[in-house]
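What follows is one chain in structure tokens, specifically the form predicted alone.
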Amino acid sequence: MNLAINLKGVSKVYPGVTALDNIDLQVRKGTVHGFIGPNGAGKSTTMKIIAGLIPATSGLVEVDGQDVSKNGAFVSTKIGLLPEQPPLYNGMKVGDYLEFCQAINWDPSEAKGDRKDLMENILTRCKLQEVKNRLIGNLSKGFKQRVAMAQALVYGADIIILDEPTIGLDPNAIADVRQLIEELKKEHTILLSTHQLHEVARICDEITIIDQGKILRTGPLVTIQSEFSTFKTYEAVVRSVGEDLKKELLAKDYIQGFDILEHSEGSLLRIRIQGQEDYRSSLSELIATRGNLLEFRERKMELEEVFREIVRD
């Protein structure tokens, strides 16, 4: 496995508090990895340890195969970090601040292009060209977050760590951040922490769920969803659900039950199937014959539902 981030047996202990308890975390290169958990679960602590901002009490922390505790200078050029509280200097202009961030982290031996070209690219990507000569302190929350994202990118880091990048943002600003992450994942490995679970499900390849300093689940989202699906669920949008269709559905011994919900185009028929056998073809044909079928799909367990199941255990 080609790993960008590798944690083995990592613990972080403060006087009277164990923030991380012997955790393992692997993030594969070229993926977007969602790191989720309740407030105080240990997400920010883990990210700070990976970035070399604080040391682990015990365990191995590797970035791109290098031990963070032994090669912090190398790690600082490999990781771009957006912390939950971004280190913005309100008295500096946007352009000057980003040039400062670039200068202190730039490594010519690791650089993949020209500094100025990269700066212009990041200003454009983060939609900051129009405000690059304005004071950071005079910007809106949304623009400040764009500046914070930009500072994690301006020195060409391969691995981007985003800790709650959409916190406190309005819907338009959240959409901008989502679009930027979608672009970044083509070229970077991304470790993303957020409470916006629908965004995690939308853009992440793999997820890790942490609670009370312990890793509860980690792996591809579809695998974790399947683990908690003891039955299949199909959804059919139909014009109407007649008595003939209800009787035929009830007569099928593999159907555990069904619900009829309101829908803008008629009714939403949600059918629960016992076991994991695929009945899509036969069911869709039956419903199309009896119920004027408009749409048919298999319903996956939502990440919010999986999260509640895992954290509640």
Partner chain sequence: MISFSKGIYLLSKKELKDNFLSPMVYILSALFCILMGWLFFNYLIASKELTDQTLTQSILLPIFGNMNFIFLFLAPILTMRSFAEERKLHTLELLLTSRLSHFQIILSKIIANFLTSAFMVLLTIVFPIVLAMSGYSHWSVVISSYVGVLLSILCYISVGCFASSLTENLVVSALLGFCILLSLMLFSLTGNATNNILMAQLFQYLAIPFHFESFVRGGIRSFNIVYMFSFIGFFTYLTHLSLDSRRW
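Residue numbers count along the first chain shown, from 1. Remember, it's a predicted structure, so these values are computed and weren't measured experimentally.
Omitted here: the form predicted together with its partner chain. The next part is about that form.
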Looking at L88, L216, I167, L221 here, can you tell me which has any non-hydrogen atom within 4.5 angstroms of its partner chain in the model of the complex? L88
Taking 4.5 Å between heavy atoms as the contact cutoff, choose which of E235, D107, E227, E206 touches its partner chain in the model of the complex. D107
Please determine whether Y97 contacts its partner chain in the model of the complex, using a 4.5 Å cut-off between heavy atoms. yes
Flag L184 as yes or no: does it have a non-hydrogen atom within 4.5 angstroms of any non-hydrogen atom of its partner chain in the model of the complex? no
Examine Q145 and determine whether its closest non-hydrogen atom to its partner chain in the model of the complex is within 4.5 angstroms. no
Answer with yes or no whether G37 is in contact with its partner chain in the model of the complex, where contact means some heavy atom within 4.5 Å. no
Counting only non-hydrogen atoms, the one stretch of 253-261, 240-248, 22-30, 47-55 within 4.5 angstroms of its partner chain in the model of the complex is 47-55
